[in-house]
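Presented below, as structure tokens, is a lone chain in the form predicted on its own.
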């Protein structure tokens, strides 16, 4: 059993919940924190919304949590949750309190920092402990070209949100169960001043590549803007986002925010389809955390082909055209086009 008294030494994470489940963003942050501080013996505590110690919360122990505190607040009520947290934690404030750098996570943590009149760090790339138990966070500035590190003296509380999309979710402790404790209700629950009416799924054509589940990516081997237009058509039929290499950006085939790589975006889609990409290190460093990679290239020895789960030796344009033909024959994309026409 884990004592609630560990809060004075714990790294606490506010759990974002979507559709009744803990969000992927929260699982990423748990995975990252456990890899950096949990293995050093620092207790990891999750803070969530709920009235029952369900099995789902206990299973968070497999990702790295030791304890989950549940507040009797409806999921999504950021303002009410942080007020309840403030009242409860005032007696035993944890040295570190973080949340994923999502709209909801920042509303909770940055709002709490404002109420407590303490500094907070938004969208941090990294958090770790250093000498003498101090905590250090890292943020990027100037279009992510400069990394700035802040080290907080021991005893100074740290409130921060951690960037998502940088870590693959992992069950680091299979079979481990977190202790789940329900915090007693402290009285009548006021209504949250913010009401979430619904969630609109992002359009893959305009969404940030870091958030895309499926990406089609083109490189020098596509050879022209016309072929990138075909790539965009394929992406539209698959519900995917379009990305590209530095060469594709320099040639004007994609815009800067569509570039993947060291000087572009770092992505981690469930599936990445790569067409005509040789696989220079500057590019592949931005996609190594992709869950599955399919690469198409004429050169079977290209680095990208060795990195891929499935490598197809063929002309990239011909494969794109054939995929479009087969998807059209199967009716793919018809529902989306009809929806736009209505």
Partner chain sequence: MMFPRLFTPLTIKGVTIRNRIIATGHLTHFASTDGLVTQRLIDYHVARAKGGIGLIITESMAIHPSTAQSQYTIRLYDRQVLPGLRELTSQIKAYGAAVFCQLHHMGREMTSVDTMRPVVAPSALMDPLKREVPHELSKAEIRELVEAYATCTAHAREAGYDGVEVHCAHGYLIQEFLSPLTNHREDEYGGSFEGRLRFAREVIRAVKGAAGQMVVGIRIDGDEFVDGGLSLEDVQEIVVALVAEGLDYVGLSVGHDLNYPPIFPSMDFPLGCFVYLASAIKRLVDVPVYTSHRINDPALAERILEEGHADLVAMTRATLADPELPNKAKEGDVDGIRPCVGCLQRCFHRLRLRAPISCLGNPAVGREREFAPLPASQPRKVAVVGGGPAGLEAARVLALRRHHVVLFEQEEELGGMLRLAARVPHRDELMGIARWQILQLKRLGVEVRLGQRASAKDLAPFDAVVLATGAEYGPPSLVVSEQVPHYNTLEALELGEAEVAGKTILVVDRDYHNKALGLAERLAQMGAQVVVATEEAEVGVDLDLVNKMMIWERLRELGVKSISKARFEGANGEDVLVVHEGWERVLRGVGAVVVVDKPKANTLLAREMESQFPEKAVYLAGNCAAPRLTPEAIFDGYRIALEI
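Basically, rigid core = biggest C-alpha set you can superpose within 1.5 Å across the two forms. Numbering follows the first chain given and starts at 1. Computed from a prediction, not measured in an experiment: that's the story for all the values here.
There is another form of this protein, the form predicted in complex with its partner chain, and it is not shown here; the text below is about that form.
- Contact annotation for residue 95: none of its heavy atoms lies within 4.5 Å of its partner chain in the model of the complex.
- By the criterion of a heavy atom within 4.5 Å, residue 129 is excluded from the residues contacting its partner chain in the model of the complex.
- At a distance threshold of 4.5 angstroms between non-hydrogen atoms, residue 54 is out of contact with its partner chain in the model of the complex.
- For the chain shown alone, residue 219 is not a contact residue for its partner chain in the model of the complex, no non-hydrogen atom being within 4.5 angstroms.
- Against its partner chain in the model of the complex, the set 249, 264 and 281 is in full contact: each member has a heavy atom within 4.5 Å.
- Shown without its partner, this chain lists 89, 181, 166, 80 as candidates; in the model of the complex, only 166 has a non-hydrogen atom within 4.5 angstroms of its partner chain.
- After superposing the rigid core, the C-alpha of residue 279 moves by 2 Å or more between the shown form and the other one.
- Once the rigid core is overlaid between the shown form and the other one, residue 159 does not reach a Cα shift of 2 Å, moving by less than that.
- The Cα position of residue 221 differs by 2 Å or more between the shown form and the other one after fitting on the rigid core.
- Inter-residue distance, residue 166 to residue 280 (Cα): increased by at least 3 Å in the model of the complex versus the depicted form.
- Whereas the displayed form keeps them at a certain spacing, the CA atoms of residue 20 and residue 289 lie at least 3 angstroms closer in the model of the complex.
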